[in-house]
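First comes one chain, alone, set out as structure tokens in the form predicted on its own.
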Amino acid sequence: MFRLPFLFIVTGIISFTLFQLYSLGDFASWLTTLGDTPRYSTGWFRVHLLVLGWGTMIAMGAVYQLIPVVLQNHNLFSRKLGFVHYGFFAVGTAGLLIGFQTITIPVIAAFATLAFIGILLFAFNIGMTLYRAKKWNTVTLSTALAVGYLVLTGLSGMLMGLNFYFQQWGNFHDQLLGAHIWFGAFGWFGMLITGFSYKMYPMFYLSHGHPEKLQKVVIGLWNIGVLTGAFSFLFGAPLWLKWCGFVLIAAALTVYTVHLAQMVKHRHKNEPGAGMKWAQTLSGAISLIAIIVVLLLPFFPGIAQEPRLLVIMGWIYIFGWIGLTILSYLSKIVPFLWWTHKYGPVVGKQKTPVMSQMISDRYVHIAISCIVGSLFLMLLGLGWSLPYLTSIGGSLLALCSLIYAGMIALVFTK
């Protein structure tokens, strides 16, 4: 039962390692160009390696593992279909990355379609699992909505890939790109992280009796925000409507952070691990940043038109919150899954290590702290247009991330 999620998680770790090795190999010089011109071949390649090869791979593996746990007595609709989905998505992603790197338009169009087929298979598998179980709560509802947004992300991405080849839509391509980013970054990743947190926090904090009303508020605000933002880009709506989308997402993040504090308050375990503590800290930080951004936008509308500032905000959200939250959760998920897989069947029959021995909590805290510090240094370089500082920060970020990935990978040797 663990082979399918492990396949996605291991592939995600490999992609994450490759992403950081590329950055380390060129002294993160690509980041300087990304700050000036976000839409160029190397930028597309690196971003999709991180978002598809790592983030989405890890997220899919987590869904395959967590949903049967949430549904308790209901198994995944088809594990075989899960492996077929992996084949289509992995091949499609690899080919898409090659197409971006070589700027080969037919390759981009063809493999974007394969990746989208993989996403459809994933959506069907999870959809049928949830349909058969008929057990709806905030975790399963958030997952269903997240997968729906992933389909919309894949559809818009595939259409852009085909448009690269046929060149039929003109300026609509840019509108489609805006919707693609909103559906993916805010819809797929945002809904999944918030939804899974409703299971992760009670599990690792041993929280009981906490109120759950705010979970529904988060789901409502988040979905209205995603749809408002995505469709404002898709249909070329004025800037104020895009701002409304950001306001709703900022409000959802704030309510989500308050709810995390509620769950922590009702904990029965004081030390859930450095990863869980960092996840809560990150949610508070991104909420504060989101509030500042939505307050500044009406007075400084040029922020939304400045490529460098958009790249900085993208890094803060994609890597600073989504990426670091995934890394934080991996420090709990991977040891838990591996211990259960390897030692669960022999508990009571032979001596087994305790869960805390699978990974050093102290090293997790140090590594994530170094990643956060390196990211801050890199963003300072981007913000002040200092290529050397951007490269130093980016290289340190890559090095610290590689060390952290190695720590996670070493769990599989214990």
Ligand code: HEM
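We number the residues from 1 along the sequence you see. All of these numbers come straight from a predicted model, not from anything done at the bench.
Beyond what is shown, the protein has a form predicted in complex with protoporphyrin IX containing FE (HEM); the following relates to that form.
Original post:
Thinking of protoporphyrin IX containing FE (HEM) in the predicted bound form, which stretch from 282-290, 75-83, 129-137, 174-182 has heavy atoms inside 4.5 Å of it?
Top reply: The contacting stretch is 174-182.
Original post:
Counting only heavy atoms and a 4.5 Å cut-off, does protoporphyrin IX containing FE (HEM) in the predicted bound form sit next to every one of T56, A112 and F164?
Top reply: Yes, because T56, A112 and F164 each have a heavy atom that approaches protoporphyrin IX containing FE (HEM) to within 4.5 Å in the predicted bound form.
**OP:** Mark F122 yes when one of its heavy atoms lies within 4.5 Å of a heavy atom of protoporphyrin IX containing FE (HEM) in the predicted bound form, and no otherwise.
**Re:** Answer no; every heavy atom of F122 is more than 4.5 Å from protoporphyrin IX containing FE (HEM) in the predicted bound form.
**OP:** Flag W44 as yes or no: does it have a non-hydrogen atom within 4.5 angstroms of any non-hydrogen atom of protoporphyrin IX containing FE (HEM) in the predicted bound form?
**Re:** Within the cut-off, so yes.
Original post:
Should M160 be classed as touching protoporphyrin IX containing FE (HEM) in the predicted bound form when contacts are defined as heavy atoms within 4.5 Å?
Top reply: So M160 counts as contacting protoporphyrin IX containing FE (HEM).
Subject >> Partner proximity in the predicted bound form: L96 to protoporphyrin IX containing FE (HEM), non-hydrogen atom cutoff 4.5 Å >> reply: Contact with protoporphyrin IX containing FE (HEM), yes.
Original post:
Which of these residues, W222, F204, F100, F319, gets a heavy atom within 4.5 Å of protoporphyrin IX containing FE (HEM) in the predicted bound form?
Top reply: By the 4.5 Å criterion, the partner-contacting residue is F100.
Original post:
in the predicted bound form, which of the listed residues (M358, V51, A62, L375) lies with a heavy atom within 4.5 Å of protoporphyrin IX containing FE (HEM)?
Top reply: When protoporphyrin IX containing FE (HEM) is considered in the predicted bound form, the option within 4.5 Å is V51.
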